[in-house]
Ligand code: BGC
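Take a look at this one chain, the form predicted alone, written out in structure tokens.
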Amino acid sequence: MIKKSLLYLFFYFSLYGLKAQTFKFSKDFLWCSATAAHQIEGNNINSDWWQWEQKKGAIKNNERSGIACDHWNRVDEDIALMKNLNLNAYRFSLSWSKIEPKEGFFDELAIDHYKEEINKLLEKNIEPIVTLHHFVHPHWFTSSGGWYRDDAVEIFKRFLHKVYSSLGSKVKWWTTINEPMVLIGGGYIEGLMPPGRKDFSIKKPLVNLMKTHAMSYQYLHKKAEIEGRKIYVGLAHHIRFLEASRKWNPLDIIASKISNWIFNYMIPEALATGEIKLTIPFVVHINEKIEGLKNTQDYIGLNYYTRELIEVSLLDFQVKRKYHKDKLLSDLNWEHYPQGLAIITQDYSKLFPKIPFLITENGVADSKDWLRKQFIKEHLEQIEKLEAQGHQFLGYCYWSLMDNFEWIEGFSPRFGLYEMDYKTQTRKLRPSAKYFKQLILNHHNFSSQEVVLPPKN
């Protein structure tokens, strides 16, 4: 414990007063923060997550999202916070459960709210990056079968049609689904989030999610083509660098390879080939070609946070996830390991050699603000090195603009550039955010070549 504390103090004082460097990215590089509706808006009463939070023990300390950061009523204030940071983009999600609180009924006031938010962002020269699906569903959808429903894709298409017809003409950047494998793992394997299944019955929901992404990609592009507009549509992959805990243990090696394939590579390969495949003997078998799925990414969205060690218990043969205890760790005990971003990016470039990357999430839970500067600095350095090797990056979205409701962890993790006082709803700029702000200003003052996106297929 003493050794770990000294390590934190060393990095804190070595970075104290650190001057923000200049990263030589494109002049159109998107400097962005990311949020999700349920985590910041508050009062998402018609959602499956709201219902989930009522269960004792579902959320750490039995916390509930409640009014969260009250962003729903503080849009102007929070856009001013973005502008203060010199951001030119903002990734956020739409609350499906607020837009369609009852099946087939759309709340025009909720639609108008998002339309107004998008207009205000554009007025401040902040590019909206809209996520259509970020974990949360209307309660009516989940309680009636959710992604097991035969008509799940058509139900989502109805929602998408309403969204696009109401506010889509103002949006150039779209993320269809956020972290599908986290939803599948947490909701259908581990039972940590709605719908709370623990039976590995993932075939239908996984296939339906991929069909929904393909449908959304094709739908959005057809609409934009009719309007003569250029848009960019992608999917946000949660990637974690996974490796064997004990390099000498064959069980750890095999388990890490299987985990790595399922979590990091199964869906990207499906997007490259148009077929989703997964076979675990006596557990699950998926081998399905999905119409319209192949090549449905204009950018590759990457959510990257940490490295995990995979270890198989010799007592019960359960697969466990661990972290290096002698490394720099976040408040969630996630290891600071920016090299993992580079390794997986290089792998993805082999699957998608001409498609650029967008860091859709990257951040650290750090209540004392000891690690955040180092975290941001070293991940951007990895991106700069990757660009020098020929990998193209369109932007960087830090998670998150402010502390928020972090799903099953509740309010205790502190990821924000702005520190939240939840009792007073006060936002306070952290020292690391000042560093990030200066990085962006340095970049704005740097003149470089305009980014050139690949042609549409």
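Keep in mind that what you see is a predicted model, and the values were worked out from it rather than measured. In this text, residue numbers run from 1 along the sequence as written.
If you look for the form predicted together with this ligand, you will not find it shown, but the lines that follow are about it.
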Original post:
Among 292-300, 278-286, 176-184, 345-353, which stretch has residues whose heavy atoms lie within 4.5 Å of this ligand in the predicted complex?
Top reply: 176-184
Original post:
Which one of Y90, Y305, F357, W147 is close to this ligand in the predicted complex, taking close to mean a heavy atom within 4.5 Å?
Top reply: Y305
Original post:
Heavy atom within 4.5 Å of this ligand in the predicted complex: which of W334, W72, F159, Y265?
Top reply: W334
Original post:
For this chain shown on its own, do F25, E378 and N442 all sit within 4.5 Å of this ligand in the predicted complex, going by heavy atoms?
Top reply: no
Original post:
Hey, in the predicted complex, does N44 get a heavy atom within 4.5 angstroms of this ligand?
Top reply: no
Subject >> Proximity of E361 to this ligand in the predicted complex, heavy atoms at 4.5 Å >> reply: yes
Original post:
Does at least one non-hydrogen atom of Q39 fall within 4.5 angstroms of this ligand in the predicted complex?
Top reply: yes
Original post:
Does this ligand come within 4.5 Å of any heavy atom of Y217 in the predicted complex?
Top reply: no
Original post:
Taking this ligand in the predicted complex, which residues of 89-109 have any heavy atom within 4.5 Å of it?
Top reply: none
